[in-house]
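Next up: a single chain in structure tokens, the form predicted on its own.
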């Protein structure tokens, strides 16, 4: 993507920083399938310690981390409970059914956050006619909820009710780093009640590739086997693990800048006639806004022609995401072009 574009499509579009590139170029490597890549081993150990778990597994993507966890926790015919617009259901290509033979029980929510009562109401009776309710998944932060953050009390409440019903627990923590920065609650505290947690290095942290799955040593041993089955065994992976490790050590605290830029963007959008958003609901690095004067897809294309990249998420809704790649000056430029496009008729 050329430098003149303000790219707000996602926080996955970040480029490695010079320090990260240097770390990747000089990383010691080995064969990770044999377990002798020192950089991968260091990344896995650091991630596990940070989240308060026994072990971690480096994988190619957040989707792989989530689906490996699901495969480890369930057997074909089981049912997973998760929010109706969760990433594991919405954006992972039908993988629960295709890879694990698992059905999804979808939960209603308030911007991605559901209650213990919602979980209880969704549980199946023990009966030969029904699938076995086996796993509850939580997404933190919640993407399609607007980058919303579960409080620790909310997470603990649903974990408690899940445990009382013998459910296993998985946290899709692709943007767990953002939640920790936004609230001051540590990643370890958020992860405490879960059997497994996935975290992503290639979104807000800015690494070019990679996620991790964390959990007990026995879970990760099983997960390593599943990763191999899925074609995810990597060889001299330290080259990319070094980027993730650099991101983990250097880019977590700076996420506060992305959150500030998202609030700045939301406040500006709220003042543009024809666009609607609520800045008070912007908790992290995502801004969702509604378009009144034209279809969202039309506005996305017109903005692209002007040099601003965003995504339409419904016929009348657009998502913009701030990241390491977008500074305050770029946000100002994006707002100027948003005003221009919103004020003119399409076509």
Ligand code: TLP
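Positions refer to the first chain, counted from 1. The shown structure was predicted, so the numbers you read here are calculated from the model rather than taken from an experiment.
Separately, the form predicted in complex with the ligand exists; it is not shown, and the next lines address it.
- Put simply, of 92, 195, 187, 78 only one has a heavy atom within 4.5 Å of the ligand in the predicted complex, and it is 92.
- Contact with the ligand in the predicted complex, judged by any heavy atom within 4.5 Å, is made by just one of 261, 277, 143, 74: 143.
- Taking non-hydrogen atoms only, residue 200 approaches the ligand to within 4.5 angstroms in the predicted complex.
- Within 4.5 Å of some heavy atom of the ligand in the predicted complex lies at least one heavy atom of residue 319.
- The ligand is not shown here, and in the predicted complex it never comes within 4.5 Å of any heavy atom of residue 328.
- Among heavy atoms of residue 293, none comes within 4.5 Å of the ligand in the predicted complex.
- Of the candidate stretches 100 to 108, 148 to 156, 263 to 271, 171 to 179, only 171 to 179 contains residues with a heavy atom within 4.5 Å of the ligand in the predicted complex.
- Interface residues of 51 to 76, taken as those with a heavy atom within 4.5 Å of the ligand in the predicted complex (partner not displayed): 61, 62, 63, 66, in sequence order.
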